[in-house]
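Quick heads-up: the structure tokens below are two forms of one chain, split into structure 1 and structure 2.
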Structure 1
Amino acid sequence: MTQHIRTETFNRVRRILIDRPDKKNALTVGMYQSMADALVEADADPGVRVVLVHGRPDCFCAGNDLDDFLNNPPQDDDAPVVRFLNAISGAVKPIVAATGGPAVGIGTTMLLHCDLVYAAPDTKLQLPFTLLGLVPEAASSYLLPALAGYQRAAELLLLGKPFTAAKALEAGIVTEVIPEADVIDYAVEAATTLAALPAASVQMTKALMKKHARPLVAEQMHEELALFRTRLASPEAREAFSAFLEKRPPDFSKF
């Protein structure tokens, strides 16, 4: 397990802490692997009833590591990012998330698979796929229109601009906006409350709510991933990643 993902279990809650602050919690291949393992283990462990995911109160996750996108892109369905997406979208036990600061790319789309999402007001969400020459992932191209309505989803997914926790609340991505100083404690309390309820009842309720969407999510994710892999190799995407890492604006004029 990478040092940047830390896990512990308390009160029958498995905490997954994203901890790579110097890179704004951008997710590397190793981090996806650890998060996928933690989710699969939590589902299998009878001593765990709820999963809690968070970073620091001022930094949730800056999305996929862009250096990895350039130099270590996912090749096939065994790639750790795919394992992570399968684990989070198929989780049997409820997932609670707390966010603050950047929640970019998969830092936003993973929230669509969580059951309770608490966001600090300064959470800066963003779905910058078109800005990077990519396409959406994590079935966000299906889940977001279903959740927020087509026009709201289209604004977020086509223009790709950052948006606030208040806007995410309006779009249905976030359960509640909680002051930054309290957001993690609030999520811990919600997770602990959930873990104290009859587990079978909680899991059956989640399964019933997810039943119709699950096959559609799996199908959309499969299609998105095939397109995503093609786009990752596109000259536009490679220019966007290089530009970010070289701290300059991208130059799309030649494409």
Structure 2
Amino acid sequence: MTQHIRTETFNRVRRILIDRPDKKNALTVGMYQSMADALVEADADPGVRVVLVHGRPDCFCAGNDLDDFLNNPPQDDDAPVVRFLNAISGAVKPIVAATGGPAVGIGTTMLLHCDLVYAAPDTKLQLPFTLLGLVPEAASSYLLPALAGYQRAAELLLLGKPFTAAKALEAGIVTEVIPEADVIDYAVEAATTLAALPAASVQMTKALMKKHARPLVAEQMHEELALFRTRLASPEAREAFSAFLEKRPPDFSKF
């Protein structure tokens, strides 16, 4: 377990805390692996009924650590990021999330697999895949249109601009917007309430709601990943990543 992912169990709730505030909780390969392991272990542990995921009230997740990501791209289905996506999308037990501050890339797409999501008003979500010359991940190209409708999803996925917690609430990504000072406590209360309910009933209800989407989610993630790997090697992606690291606007005019 990397030092930047901390876990604990309380009241039959497994907390997964993303704790790398100096890098705005940008995720490394090691962090993905730790979160994947924590989710798998939580599903297998009869003493755990609910998973709670959060960062600090003012910082959820700024997406991938680009230096780490470029040095360790997901080459196969055993890559830590793929294991994490498989674990969160296939989780049997309910997942509650609390967000605040940046929620970029995977910081937004992972929320589509959570069952309850509470966001502070200052949450800034973004799906910047086209801006980086890439394609969406985590079956977001399927789940977001299903949640928000095609037009809203197209705006968020095609333009890739940041959007607010209020807009995420309208799109169905977020369950409720809660004041920053209260958002984590609110999510803890919701997780604890869920954990006190009959576990079999809760898990069966989640399974029923997810039943028809699960195979489609798995298929879409597989297709997205194949295209994502191809796009990583594209001239547009190389220019986008170079521009980001050099802190300049990308120039796509030659492509």
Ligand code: COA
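By rigid core we mean the largest C-alpha set that fits within 1.5 Å across both forms. Quick caveat, the model's predicted, so the values are computed rather than measured. Throughout, residue numbering runs from 1 along the sequence of structure 1.
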- Item | Structure number of the form predicted together with the named molecule | 1
- Item | Shift of D22 between the two structures at or above 2 Å (CA, core fit) | no
- Any chance you could measure the C-alpha shift of L245 between the two structures with the core superposed, in Å? 2.4
